[in-house]
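Presented below, as structure tokens, is a lone chain in the form predicted on its own.
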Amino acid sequence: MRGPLLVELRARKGEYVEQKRFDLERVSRRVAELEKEYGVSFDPSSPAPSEDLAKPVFEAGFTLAVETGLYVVDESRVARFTEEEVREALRNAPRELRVGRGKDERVLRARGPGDRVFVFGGLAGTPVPLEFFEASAASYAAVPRVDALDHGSIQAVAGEAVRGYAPSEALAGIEEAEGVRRALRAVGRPGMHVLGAESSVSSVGSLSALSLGLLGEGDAQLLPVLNELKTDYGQLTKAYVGLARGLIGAALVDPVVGGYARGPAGSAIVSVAETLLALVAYEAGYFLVHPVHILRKATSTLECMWVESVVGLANRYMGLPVVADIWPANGGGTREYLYEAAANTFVAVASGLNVLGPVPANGTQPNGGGFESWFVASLADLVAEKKVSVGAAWSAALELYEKYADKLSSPNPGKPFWELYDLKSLKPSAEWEKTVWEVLREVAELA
């Protein structure tokens, strides 16, 4: 029986738990206990994690996944899995995936030290006006080193805001997928791997794109694990139909650091648990780790970089294709945006993760383009080729952090894509290109 259906059937007969009680007792309280039992802690005065944390974080996350299970919101009940079921899912999980089609096919794998880094480009869920959607997507796809595209969302159609479960969501899902396809054909990369359905508020947008063949084998759809350790029938239905159509499930694991997952230590444990549960429930093929700081949002905060770093280390015991989201607070046109992206990339790649980004302004404004993904890819390659250690990567990241820390509370969102890039050539403005090169030379010295 496929994972999504198994979750539904177990939840229908599972334990009833009021949601608030699940959040406070089953998640927060138990996570606090696991932090103590396994000795997992975060020290803000010395944030570089010890590699010795890999095993305890994995074991604590495994314990949380088996004990707590997955809460199905529609039923207010819990679907649980046995220890053997989770271990079997891990044993059978692919360590690498062939994604995309034809000459654009690439391999996304669980990375070891020095392994090539798989790079996603795109504005990943950021609202993008329809008139600029195709050009902005093409600017990322045109970068040869970008392996796959995860682009923005469409949040208004026919002059009105998209509404979940409504025809407007179906249209947004179709417009998004068609825009991405046109962009890929325009730059000569029609078979590039697409992570789609960013406009799918529920499951309607994704299912609409699937029904028209706009997402198919070699592509992926986004399957979030709801905060924390939850799912709903919308996500499960998407996952089930996607599996039936040969689509890859891309699980989004995005614990709120400072929320029910507690601080960085608890959020790392929850991230591992949610990764394992997404593997069993969605049969996901790869996993996007995106800790969200409860105040600053950005993944470039010390707390969120620590979570990504520790999850990367713990992945030595999972062996899954895991990707770190790089979500700076600042946006294109600012040096701080590049410093944030560089710090985040150093830590994530040295810790064994692939990367997606950078996505500017915390994913709220379309203020960036493909040249910044080339910047991230260049640094990722440098860190991988030199086999930079986790400790050395953190030393560099902390030096960079000093350059943008005071901007995290009042970030500069920068300029929109259509002001930073030429819409015909898709190249950055001379001023922005010069700045990116200057920062690249500056931060490359740190590697």
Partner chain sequence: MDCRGVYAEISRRLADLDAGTVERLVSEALEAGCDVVEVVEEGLRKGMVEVGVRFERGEYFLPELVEAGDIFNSVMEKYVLPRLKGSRAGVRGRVVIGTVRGDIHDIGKNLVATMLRVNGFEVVDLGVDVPPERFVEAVEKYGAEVVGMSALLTTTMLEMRNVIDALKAAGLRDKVKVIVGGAPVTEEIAREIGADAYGRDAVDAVEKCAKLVEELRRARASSI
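A quick note: this is a predicted structure, and the numbers were derived from the prediction, not measured. Numbering follows the first chain given and starts at 1.
Another form exists, predicted together with the partner chain; not displayed. Remarks below refer to it.
Here the chain stands by itself, but in the model of the complex one stretch of 239-247, 273-281, 288-296, 344-352, 288-296, has heavy atoms within 4.5 Å of the partner chain. Taking the partner from the other structure, the partner chain in the model of the complex has no heavy atom within 4.5 Å of any heavy atom of G216. Interface residue remark: D232 is counted as part of the site for the partner chain in the model of the complex, having a heavy atom within 4.5 Å. Contact between V256 and the partner chain in the model of the complex is found at the 4.5 Å heavy atom cutoff. In the model of the complex, L24 approaches the partner chain with a heavy atom inside 4.5 Å. This chain appears without its partner; in the model of the complex, the one residue of G319, G191, P129, G164 with a heavy atom within 4.5 Å of the partner chain is G164. A single residue from the set T334, S153, T301, S208 has any heavy atom within 4.5 angstroms of the partner chain in the model of the complex; that residue is S153. Heavy atoms of no residue among S50, K55 and S378 are located within 4.5 Å of the partner chain in the model of the complex. Taking a 4.5 Å heavy atom cutoff to the partner chain in the model of the complex, the contacting residues in 9-34 are Q19, K20, L24, S28.
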